[in-house]
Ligand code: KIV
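Consider the single chain below, provided in structure tokens and representing the form predicted on its own.
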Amino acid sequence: MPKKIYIFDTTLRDGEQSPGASLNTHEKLEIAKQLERLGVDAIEAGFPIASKGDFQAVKTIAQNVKKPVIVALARAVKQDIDRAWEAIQYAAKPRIHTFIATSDIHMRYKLKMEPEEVLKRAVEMVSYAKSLCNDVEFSPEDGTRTRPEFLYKVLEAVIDAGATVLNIPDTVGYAMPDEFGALIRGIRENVPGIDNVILSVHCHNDLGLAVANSLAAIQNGAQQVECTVNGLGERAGNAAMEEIVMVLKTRSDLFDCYTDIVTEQIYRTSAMVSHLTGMHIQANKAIVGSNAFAHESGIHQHGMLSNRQTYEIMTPESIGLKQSQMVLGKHSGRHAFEERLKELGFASLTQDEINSAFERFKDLADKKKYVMDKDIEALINEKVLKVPEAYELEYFHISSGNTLVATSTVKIRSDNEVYEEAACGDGPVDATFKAIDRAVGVEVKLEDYYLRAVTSGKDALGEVTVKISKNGDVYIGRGLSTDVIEASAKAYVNAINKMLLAQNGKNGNKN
């Protein structure tokens, strides 16, 4: 009988720790709702002790997302555990996830604790977490570099203390698949009580082996895998959820396992996470990259025309992509547009959101002859996932040329106030950003600027992602337009709005 593999998604915790990724509470909630539609078993919503923003995000997700287990991370410290429980107590299925390092190098240099002290702390804090929450997960940090005998001892002790899930992390991505599989098998064979808990793994991708190690663990008895959408995470990232899920589905001949993931929601989830984190997906990324189902070679194309299985071991439809591109234009009606939204995975939109999207679709159709699927996705992501706007771009004018100093004039609205400013700069984008700074009265540092064409052609939508920083905090903004200067201005204003929203939250105002 096939064995269920639990999918524990840590995109909102470990994934957000990717350098350059940043999410506010509203964005985290939108991703969590999509993960619920995707069918994940558990969502690690954050690390509540880390900041007020992280606490609020975990609490909001716990209050609004009901089907998956909602997990909060905590060090093996009473204060962390109290804060974690304070955030997730509202969840229908709460879980506290506590951890402490167990490898010699971590105990000696990071914790400065003796093994027996670590063992005692682990037992005490698991027991304390259990007094608050019935579902407790424990992780021995740097588990793959921990002496097996000590690891077995710690795991047995925390099972006795009440742990319901044991998670073995390859914290620094050091293990080889055979090695990691043997470690999981050793735990299965040497830890009393292991059959009474869920055995989980959490693999990092420093050597590019996170997915391979996770699969090796499954083959040796792991029942849960901790992973992230698009493989996001610290350093080189974590095991990619979509890759693990599709391996188990495609190679069911080798893995007598299944997941509850609705694979047709994979592409939609991947696109949302990429858009909101500003972490763009490489074209040759497995499963969700733009080239994953593209065939250019003449030999490949000939085979595909004869039988798709010659060069495709999965179908685009299985992850939520449609084989054909449906082209809409200015004469397309609302019904056709709504049907296309459903096919693209936007079935959960409200009628007001659909109406707003349809108006924007018509405006775009007046600017370009054909509106493609990617255009529609970009329109939805920009509008539906946008933060409340303290400032809105009403107008901009550019004067620029190879013999002129670039000058930009902008008009910015905030409630009933209108601000108009002009500035010169090193090119039209720089001049526009400086004019916006003057209009809103803030000064920020531009950390990154990224422009891409959503679709091909001279009339393609341009999508701009900017990253700004203020007092060490980073904020990501996005803008969309057939005019790249307008897209740049919208992205910059969007980032400033996010910064102001976050600052209001820190000051105790509406978050």
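Residues carry their position along the shown sequence, with the first being 1. Everything numeric here is computed off the predicted structure, so don't read it as measured data.
Beyond the structure shown, there is the form predicted in complex with 3-methyl-2-oxobutanoic acid (KIV), which is absent from this document and is the topic of what follows.
Within a 4.5 Å heavy atom cut-off, is residue 181 in contact with 3-methyl-2-oxobutanoic acid (KIV) in the predicted bound form? The answer is no: residue 181 has no heavy atom within 4.5 Å of 3-methyl-2-oxobutanoic acid (KIV).
Review point. Does at least one non-hydrogen atom of residue 14 fall within 4.5 angstroms of 3-methyl-2-oxobutanoic acid (KIV) in the predicted bound form?
Key: Heavy-atom contact with 3-methyl-2-oxobutanoic acid (KIV) at 4.5 Å: present for residue 14.
Residue-level contact is defined here as any heavy atom of the residue lying within 4.5 Å of 3-methyl-2-oxobutanoic acid (KIV) in the predicted bound form; does residue 214 satisfy this criterion? Contact check for residue 214: no, nothing within 4.5 Å of 3-methyl-2-oxobutanoic acid (KIV) in the predicted bound form.
Review point. Can residue 95 be called a contact residue for 3-methyl-2-oxobutanoic acid (KIV) in the predicted bound form at 4.5 Å between heavy atoms?
Key: Judged by the heavy-atom cut-off of 4.5 Å, residue 95 is well away from 3-methyl-2-oxobutanoic acid (KIV) in the predicted bound form.
| message | I need the one stretch from 136-144, 216-224, 434-442, 285-293 whose residues put non-hydrogen atoms within 4.5 angstroms of 3-methyl-2-oxobutanoic acid (KIV) in the predicted bound form. | response | Stretch 136-144 is the one.
Listed residue that, although 3-methyl-2-oxobutanoic acid (KIV) is not shown, lies within 4.5 Å of it in the predicted bound form (heavy atoms), from 167, 103, 259, 381 = Spelling it out, the residue with a heavy atom inside the cut-off is 167.
Worksheet item: So which of 128, 396, 99, 361 reaches within 4.5 angstroms of 3-methyl-2-oxobutanoic acid (KIV) in the predicted bound form, heavy atom to heavy atom?
Response: Among 128, 396, 99, 361, a heavy atom within 4.5 Å of 3-methyl-2-oxobutanoic acid (KIV) in the predicted bound form occurs only for 99.
* **Any residue of 197-221 that, in the predicted bound form, places a heavy atom within 4.5 Å of 3-methyl-2-oxobutanoic acid (KIV)** => The stretch touches the partner through 202, 204.
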